[in-house]
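Just the one chain here, laid out as structure tokens, in the form predicted on its own.
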Amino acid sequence: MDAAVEPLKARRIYLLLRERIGSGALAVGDKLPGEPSLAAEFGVSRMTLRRALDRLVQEDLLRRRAGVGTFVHHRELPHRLRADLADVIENLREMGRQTGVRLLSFAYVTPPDAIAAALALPAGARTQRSERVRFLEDGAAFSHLTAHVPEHIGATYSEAELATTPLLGLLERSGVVADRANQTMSATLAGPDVAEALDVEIGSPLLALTRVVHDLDGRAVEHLHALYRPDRFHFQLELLRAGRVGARRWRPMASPDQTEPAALSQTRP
């Protein structure tokens, strides 16, 4: 049990110290307390503490000076990609332009029942299933994507093309016009395969997004399950206070090419 918990403790300390550096609570040049003091503060072993410090050193946020101590080296945190929730389709296009991709798997499968239902597929229908990792310009992986596309659409592109071309571009080349998307967001923990792909500890917190894209005729053309590293990716939504006095509420602001604000639904427990 302890062996399984220790990586999570190290991850927690890493995130806490990283936040202190990013907020300025620990300024550039500040010397950290000694390892025994920090280990006592966080209630962990020195080995667990050192694991967290090692990662901050690797990210160049801390520097060790032999015989002197550990110092804050830089407060600028790694670049995070931003996604606009109010314009899903354009965000998909921009993501393809700004980031790189590595294809992990490509196959035709019978999808799970939930995905088949979301795509409104008949019984026994297959999908083209792919797993990809997207990364920033510096090569840092930030998302793990599992996509299902109806077989007749997936047959219009090859494995080699998907390895080099954004999926939305391939769908549009096949004649599909992406018109709208429904998506839900939540949080989850990284399993072994995803943790390896995103270079995080098993059990690390991730942002989870499920999106179903529809064409102009309302047909579902893609089911996407995406997992994001929250330290390298974040969602943004600009809100506008609207409505009559006494009944005002927050509404998503319209994108420049929209005449009405995008709809935002909330699921209540």
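Counting begins at 1, following the sequence as shown. In this text, the rigid core denotes the largest set of C-alpha atoms whose superposition between the two forms falls within 1.5 Å. Predicted model, so just to flag it, every value in this text is computed and none were measured.
Beyond what is shown, the protein has a form predicted in complex with the DNA; the following relates to that form.
Report task. Considering only heavy atoms, tell me if S204 and the DNA come within 4.5 Å of each other in the predicted complex. Result -> Heavy-atom contact with the DNA at 4.5 Å: absent for S204.
Query - the DNA contact at R55 in the predicted complex, heavy atom, 4.5 Å - result: No, R55 sits far enough from the DNA in the predicted complex that none of its heavy atoms falls within 4.5 Å.
**Report entry** Any non-hydrogen atom of R20 within 4.5 angstroms of the DNA in the predicted complex
**Finding:** No, R20 sits far enough from the DNA in the predicted complex that none of its heavy atoms falls within 4.5 Å.
Query raised in the report: Within a 4.5 Å heavy atom cut-off, is R64 in contact with the DNA in the predicted complex?
Result: Heavy-atom contact with the DNA at 4.5 Å: present for R64.
Requested in this report: Heavy atoms, 4.5 Å, the DNA in the predicted complex: which of 196-204, 209-217, 223-231, 31-39 makes the cut? Say which one.
Outcome: After filtering at 4.5 Å, what remains is 31-39.
Query - Partner contacts for 34-48, taking the DNA in the predicted complex and a 4.5 Å heavy atom cut-off - result: Read in sequence order, the residues that approach the DNA (within 4.5 Å, in the predicted complex) are G34, E35, P36, G43, V44, S45, R46, M47, T48.
Query - Threshold 2 Å Cα movement between the shown form and the other one at E35, rigid core reference - result: Comparing forms between the shown form and the other one, the E35 CA shifts at least 2 Å.
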